[in-house]
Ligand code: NAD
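Next comes just one chain, in structure tokens: the form predicted on its own.
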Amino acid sequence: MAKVGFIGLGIMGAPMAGHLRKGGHELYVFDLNPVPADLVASGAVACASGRQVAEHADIIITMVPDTPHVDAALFAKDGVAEGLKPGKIVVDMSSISPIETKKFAQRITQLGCSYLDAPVSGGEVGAKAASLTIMVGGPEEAFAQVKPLFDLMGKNITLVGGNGDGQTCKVANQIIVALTIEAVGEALLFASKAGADPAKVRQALMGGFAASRILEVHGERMVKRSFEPGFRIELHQKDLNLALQGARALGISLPNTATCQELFNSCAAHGGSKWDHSAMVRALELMADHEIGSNQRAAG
């Protein structure tokens, strides 16, 4: 069994860490907030800092909101870097800048350790079900060592390439997710405004070429008006910002990604930063002056 450290015990990090403990691994954890009691009860050891986690563990995982948080977790005073010894592996499972990831990897490598960027897709549901998609960038040898841990947290695990490529893959994933949410929102809004029952339209579409996981899960959220996260709009805004910044640096245009970001911006302007990202549909509804399913609810 491995000695594993886990830093960042939020909505996704806590269940992910829990799966590692259930897998029988020694687990050393740290968060700026109090460590969840059930993790401690399961045998996880609460540490006072990232440095302490790194001193105890051979593989250290970070799962925090954004690029500056990873920077701080790794390199601030009492951060992970201060507790590393050559041969250890640092795994960042946050969704952050591919460019900064390459810089972080270089600094960790200079300390004689390996670095993997391994962002995930699947949200809170996937974290709890241990069914996350994990997109990994970094050296093959380190990936092989960490793969048994990934297997406890996810189902679809791919070594995409070198450091930064995992994060690049995650940005691509978030582009697809955002654009598909927008497409599902437009379709169900169109159906509802035309007088059709959006729940039955969604059911019919699930049997055809338009079927998707987003139509299944987020289409149901739109119909049932269930916008508790999930995955918060403010986090998807962060990911699309990475996409648009990268596009600018690469000299390419991502016009529909920009449109989705503006729809998220509209939601945020109406107090929706912490809504589930499926609530992008609310921005479309405001422009249409129609809420999906409102005619059916009125008839009922």
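These numbers were taken from a predicted model, which means no experiment stands behind them. Numbers follow the displayed sequence, beginning with 1.
Beyond the structure shown, there is the form predicted together with this ligand, which is absent from this document and is the topic of what follows.
Participant: Please name which of the stretches 39-47, 262-270, 57-65, 248-256 has residues with heavy atoms lying within 4.5 Å of this ligand in the predicted bound form.
Facilitator: Of the options given, it is 57-65.
Participant: With the partner absent here, would D31, S94 and K170 each sit within 4.5 Å of this ligand in the predicted bound form, counting heavy atoms only?
Facilitator: Checking in the predicted bound form: D31, S94 and K170 are all within 4.5 Å of this ligand.
Participant: So in the predicted bound form, does M12 come within 4.5 Å of this ligand, heavy atom to heavy atom?
Facilitator: M12 belongs to the contact set for this ligand.
Participant: Does the 4.5 Å heavy atom contact test between G154 and this ligand in the predicted bound form come out positive?
Facilitator: Residue-level check for G154: no, no contact with this ligand.
Participant: Consider H69 of the chain shown here, and say whether it contacts this ligand in the predicted bound form, taking contact as heavy atoms within 4.5 Å.
Facilitator: Result yes; H69 sits at the interface with this ligand in the predicted bound form.
Participant: Mark G123 yes when one of its heavy atoms lies within 4.5 Å of a heavy atom of this ligand in the predicted bound form, and no otherwise.
Facilitator: Answer yes; at least one heavy atom of G123 falls within 4.5 Å of this ligand in the predicted bound form.
Participant: Consider the chain as shown here, without its partner, and state which of L159, A73, A142, L215 has a heavy atom within 4.5 Å of this ligand in the predicted bound form.
Facilitator: The residue from L159, A73, A142, L215 that makes the contact is A73.
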